[in-house]
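Given as structure tokens, the chain that follows is alone and in the form predicted alone.
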Amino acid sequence: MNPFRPSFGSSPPEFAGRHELINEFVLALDEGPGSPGRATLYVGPRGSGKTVLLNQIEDTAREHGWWVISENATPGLVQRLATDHLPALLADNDPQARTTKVKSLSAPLGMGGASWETTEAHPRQLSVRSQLGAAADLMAERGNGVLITVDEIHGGRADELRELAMAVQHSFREQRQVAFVAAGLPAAVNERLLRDQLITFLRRAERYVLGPLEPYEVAEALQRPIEASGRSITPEALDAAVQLSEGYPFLVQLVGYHLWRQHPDTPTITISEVKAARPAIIRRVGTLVHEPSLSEISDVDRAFLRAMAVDDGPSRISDIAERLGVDSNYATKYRSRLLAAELIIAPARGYIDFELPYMRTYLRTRSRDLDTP
């Protein structure tokens, strides 16, 4: 069976890199209330491993005895916390959460003549803030705490994120055993959420930008699952596969998946499988990563990227301005927007290049219908 999982949000067979971030989180749990790492925000483009990292953070918290509430920033987030997650935590961990009493008695006990009434010690209409405080106090009695993780905060409603942030911040002020970890795409997080004056809590959170993995980390993430599943890969093929992935976590899984499926019955993966798989891998990352990334930016932003794709390497800002027929100030404005969105990088003064692997290839092949990706 193919050991690789090139689907968003699925934990890979080998957790590659990011171990220093896990260690930072563990340190925050050990340091207690007031540790800056108890409020952490991870940002990165699609496929950079945000959700997988959240999964690992959650598993680590559970190993330390913490109760984990895992959510996405979809509409109804606060209601789900108030009417589902927190009442369930309280009911499962508080022996006084449910009290049962005899409502009426029509026959001697044991003869089936009694009816019963059950009441909840923690009514579901309580606010997130009050329930989170009660849950944290309850878990603190056991030497543990409550972790809330929220994925895709770039798509969340600001009012709900505001309410949640205020509830968590209140628990922090009261020195309760609470931690909060969130993840999102850079452009929306930087331009919308972190500029919201009422979500100052997120601005003060520890913030990490998820970059590419190191080559040795990619090699381990490919080689170990292959060998654990009974096959091997030649050094030449492994080197080529590492280069093909460009350190991009989603691509690592995509590369491994396609290498495995070329000739699944042969004992060894060779360089020929890498070469044969390359076109399908690049097409797939275009569909799953580049297409949705481009759909979220403006027509002018896409035109800027299309002008960059003409070059075989880093582009000069002055050349982009000339191709678009605009002045340098105009070009610099959109350069700044795309840098904030982490779709491009600035490798040298006056130059820019693509951040996402194979974006140039995708833009060239889709140039005619890019405006309707």
Ligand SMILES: Nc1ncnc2c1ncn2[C@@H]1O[C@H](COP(=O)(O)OP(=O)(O)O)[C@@H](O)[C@H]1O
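All of these numbers come straight from a predicted model, not from anything done at the bench. One rule holds for the numbers: they count along the sequence shown, beginning at 1.
Absent from the display: the form predicted in complex with the ligand. The rest refers to it.
With the ligand omitted here, the record of contacts in the predicted complex names 39-47 of 23-31, 326-334, 59-67, 39-47, defined by a heavy atom within 4.5 Å. Site residues Arg5, Ala16 and Val52 are all in contact with the ligand in the predicted complex, judged by any heavy atom within 4.5 Å.
The ligand is not drawn, but in the predicted complex it has a heavy atom within 4.5 Å of Pro249.
Among residues of the shown chain, Ser245 is not one whose heavy atoms approach the ligand to within 4.5 Å in the predicted complex. The closest non-hydrogen atom of Leu213 lies within 4.5 Å of the ligand in the predicted complex. Although the partner is absent from this view, Pro357 stays clear of the ligand in the predicted complex, with no non-hydrogen atom inside 4.5 angstroms.
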